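In the form predicted alone, a lone chain appears below as C-alpha cells.
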C-alpha cells in the first residue's frame, strides 16, 4: 500500500496526526484558550456541538488514551464492569490531562457514560457540567422532550458564559458543521473506489482530528487533503473490502492491523466516524434553528442504544451495498452492553445477504493482537473461499 504523504510529497496527514498525538494539549486548543475562548468537552454524539460553538466556545470530544493502557486510577473509582473507554477517559481526567476544559456536557446514553459523568463531576470538578436526557426512540413527543433538554442547555450556557445565543449565531454554526459533514462525506466517497487513495487507518487519523480542533481550521485542511486525494495515484488494495462496526474506536493501529492482513477497510458504523458526521442539520421552514439541531441529533444514524434496531440495521446494510463490502468486523469493547446485545440480531440480518461477521471482544485502545490478526486472516480466507464457490 502507498500513502498520501509519500505520493504527494506534502505531509498533509502529518498535521492531522500531530493534532491527535498531542491531544488534549494541542496547539489549536492552547491558542483558542489564549485568545480568551472557553473549551467544552463532550461525551457522546448526542451532544449538539453547534450550540456550544454558537455560544462562542470550542467543543472537543472527550476520549481516552489512544493505545490500550493500564487503568489503575480509573479502576479505583469505576467498577471493572464499566467499559474500558469510560475508565480510560476518567483516568486521563484524574491525571489532569483535561485541565484545559471549562465545561463538560454528556448524554445519558449508557451506564458507562452516565457513571463517567457522575464521577467526573464529583472528582474532577470541571467548572461547568450538564447531563442531557436522551430518548431511546424517535417520535414527536420524544423530539419535544429532547428539544426542551437542548433549550435548557442553551439557557445554562448563556448564564454561565454571560452571553446570548442568537438564531444568527446558531445558523452560522449549523453552516460550518454541515460543511464539515459534507467534506467527510466526500472523503468517504473516495473509499467507494475499487482501489481507494486513502486507507482505513489513515481515514481514522483524519476523523479523530475532526472533533479535536476548531472546524474553522479543520475544514480548509480537509478540503486541501481532498484536492490531493482526488488526483493522487496512490491505490490501496486488499483481499477483501471490510466494514468495521461496534463500540467507540479511536486507535488507527487497530484498523491498520486488519489492513496489514490484507483486509481493506472501506467504511464503518462507528460513533467516531460515520455516525458522527452522517446527516446534516436541515431546517424545516421557519422553525427555530435549535429545533432543527435537536431533530438532527435525535434522528441521526442511530446508535445501538436506540429502538427499534431495524433502522440501524437497514443503514448498515445500505453502507455494505454502497461500498461493496465483503465482510464485517465487529469490535465490541467488553461491557459495552448495547453493541453486545444487538450483535446476534445484526448477524442474522447480515447472514441473509451473505455477509460474514467476525466478532471481536476487545478493550478500548487495542492495537490488534496476534490472536486478532489470526482471526482476521480466517475471515479473509472465508471470504475468498465463498468467492471461489460463487464462480
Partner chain sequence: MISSRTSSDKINQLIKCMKFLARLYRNQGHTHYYQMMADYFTRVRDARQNGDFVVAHTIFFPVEILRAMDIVPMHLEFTGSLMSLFGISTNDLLTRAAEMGLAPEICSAHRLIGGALDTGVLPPADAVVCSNLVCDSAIKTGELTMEYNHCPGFVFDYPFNQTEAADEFIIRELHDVIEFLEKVSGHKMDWNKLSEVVVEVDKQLALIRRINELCKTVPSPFQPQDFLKFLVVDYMATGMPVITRYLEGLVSELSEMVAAGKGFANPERLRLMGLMIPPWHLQGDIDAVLKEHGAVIVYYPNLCDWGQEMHLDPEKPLESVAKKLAACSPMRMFGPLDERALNPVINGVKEYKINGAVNFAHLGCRQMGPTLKIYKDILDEQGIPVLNIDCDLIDATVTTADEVRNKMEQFFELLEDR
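As the structure is a computational prediction, the values presented were derived from the model and not from experiment. Residue numbers count along the first chain shown, from 1.
Below: the form predicted together with its partner chain, not depicted.
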Partner-free chain; cross-checking its partner chain in the predicted bound form, the single residue of 271, 213, 110, 184 with a heavy atom within 4.5 Å is 110
Just to be sure I understand the contacts: of 156, 309, 299, 169, which is the one whose heavy atoms reach within 4.5 angstroms of its partner chain in the predicted bound form?
309
When its partner chain is placed as it is in the predicted bound form, are 77, 123 and 361 each within 4.5 Å of it, taking any non-hydrogen atom of the residue?
yes
Can you tell me which of 54-62, 329-337, 22-30, 36-44 lies within 4.5 Å of its partner chain in the predicted bound form, counting heavy atoms only?
329-337
Can you check whether residue 342 is within 4.5 Å of its partner chain in the predicted bound form, heavy atom basis?
yes
I'd like to check something about residue 133: if you look in the predicted bound form, is any of its heavy atoms closer than or equal to 4.5 Å to a heavy atom of its partner chain?
yes
Give a yes or no for residue 209: in the predicted bound form, does one of its heavy atoms lie within 4.5 Å of a heavy atom belonging to its partner chain?
no
Would you check, heavy atoms only and a 4.5 Å threshold, whether residue 142 touches its partner chain in the predicted bound form?
yes
